[in-house]
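Coming up is one lone chain in structure tokens, specifically the form predicted alone.
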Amino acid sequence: MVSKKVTVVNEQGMHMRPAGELAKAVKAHPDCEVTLNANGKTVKAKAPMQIMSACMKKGCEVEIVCDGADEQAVLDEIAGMFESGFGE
């Protein structure tokens, strides 16, 4: 299991588009369980609605936790998405 803390940089936080992109990226790695810890909630990163339910606004600190096959590579990919603001 590996984890990393990142900060949401998107002006509008984790709304539907970035949540959908994140879920799609996580689903591409079915052998690695990815969860997000933010605002006192732990959510699975495979479901856009769960991601949005954590109410991650700009500036929110998020802990990404990956457990399974290629966990470090998956963590690096997901952290990079957060750090780049999901292309927004």
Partner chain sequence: MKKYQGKGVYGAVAIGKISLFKKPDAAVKRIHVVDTDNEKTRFEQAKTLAVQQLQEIYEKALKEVGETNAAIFEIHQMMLDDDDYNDSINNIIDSQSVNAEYAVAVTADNFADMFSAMDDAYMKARAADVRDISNRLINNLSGNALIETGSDEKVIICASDLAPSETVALDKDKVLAFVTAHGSSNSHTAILARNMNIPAIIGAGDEFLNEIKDGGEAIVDGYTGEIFVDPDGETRTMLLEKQRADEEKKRLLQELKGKENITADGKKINVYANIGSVGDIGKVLANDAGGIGLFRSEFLYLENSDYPTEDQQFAAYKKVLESMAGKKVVIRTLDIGADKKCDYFNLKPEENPALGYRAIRICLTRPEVFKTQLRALYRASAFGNLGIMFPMITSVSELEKILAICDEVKAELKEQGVEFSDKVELGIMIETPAAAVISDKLAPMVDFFSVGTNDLTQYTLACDRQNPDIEQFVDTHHEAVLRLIEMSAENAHKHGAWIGICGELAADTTLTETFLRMGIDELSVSPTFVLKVRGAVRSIDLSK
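These numbers come from a predicted model, not from an experiment. Residue numbers count along the first chain shown, from 1.
This next part talks about the form predicted in complex with the partner chain, which is not shown.
For the chain shown alone, M16 is a contact residue for the partner chain in the predicted bound form, at least one non-hydrogen atom being within 4.5 angstroms. At the 4.5 Å threshold, heavy atoms of M49 reach the partner chain in the predicted bound form. Among heavy atoms of S53, some come within 4.5 Å of the partner chain in the predicted bound form. Contact annotation for Q72: none of its heavy atoms lies within 4.5 Å of the partner chain in the predicted bound form. Along 3-35, a non-hydrogen atom within 4.5 Å of the partner chain in the predicted bound form is carried by Q12, M14, H15, M16, R17, G20, E21, K24, K27, in order along the sequence.
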